[in-house]
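What follows is a single chain, given as structure tokens, in the form predicted on its own.
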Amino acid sequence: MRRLVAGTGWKMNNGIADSIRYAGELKARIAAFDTSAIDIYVLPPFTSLAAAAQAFAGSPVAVGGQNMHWEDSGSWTGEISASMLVEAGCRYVELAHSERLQHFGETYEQVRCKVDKAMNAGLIPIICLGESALEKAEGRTDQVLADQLRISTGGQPDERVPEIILAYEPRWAIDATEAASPDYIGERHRALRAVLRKHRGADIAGRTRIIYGGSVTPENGRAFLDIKDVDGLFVGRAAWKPEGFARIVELVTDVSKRKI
């Protein structure tokens, strides 16, 4: 049984004061849930990381960064290193989000360097994988996903791959009016697991978690979690308020009991 995941990325929202308030309310809302069988994370903006980590200390909620650089230090104005994230109290780091690829020209070759550095620092990378609307229309979705997966994890030995969380986020479904259909999501998750099986073996494929993100809400989340190869939810806008994320955590907690 793979541990299910409930995660949210706040993007450029929730400063220090809002992050502290969010943490207090979320902890109160989920206190009645048995979250021992799932992993929970929030990804605040860089300026809020230390405050959020302190506010969530002693709770089941871990904190992560929304990005990082592939070097330890140096002349990289405006960048953040893996060791800086660790020092701020991070356990996770999100890499290859669609917005980083689209607006900042990042590539999966760069992501591979970031993954390697994150793993060396003890961070858990959350690698976003997803096809664009054009790639989907051209019928290249599974090949695109396979290439992204192989490139981004290529620097890691087989035994360390299950430490990584893969987040399937179709780029055309992020901030859209609706998510991808459960059938479509199921096909993509099965295809990604098949790539792992082919290149890393059945054991690694069976232990690596693949979560879904892209217009996830408390209303549609259960249908996604019911899919065999979906190991959790990565939520954006619907979890920017603590009450929204608390509903997601409750949902993942309930489904984890059934899957066990």
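Don't overthink the numbering: it's just position in the shown sequence, from 1. Fair warning: this is a prediction, and the values are worked out from it, not measured in the lab.
Keep in mind that the form predicted in complex with ligand PGA is missing from the display, and what follows is about it.
When contacts are judged by a 4.5 Å heavy atom cut-off, Gln66 does not count as touching ligand PGA in the model of the complex. Mapping the unseen interface onto this chain, Pro242 falls outside it, with no heavy atom inside 4.5 Å of ligand PGA in the model of the complex. In the model of the complex, Gly232 stays away from ligand PGA, with no heavy atom inside 4.5 Å. Put simply, Pro44 is far from ligand PGA in the model of the complex: not one heavy atom of it is within 4.5 Å. The candidate spot formed by Arg91, Glu163 and Arg209 is out of contact with ligand PGA in the model of the complex: none of the three has a heavy atom within 4.5 Å. Checking Leu123, Leu149, Ile185, Ala173 against ligand PGA in the model of the complex, a heavy atom within 4.5 Å turns up for just one residue: Ala173. With ligand PGA omitted here, the record of contacts in the model of the complex names 209-217 of 224-232, 209-217, 48-56, 192-200, defined by a heavy atom within 4.5 Å.
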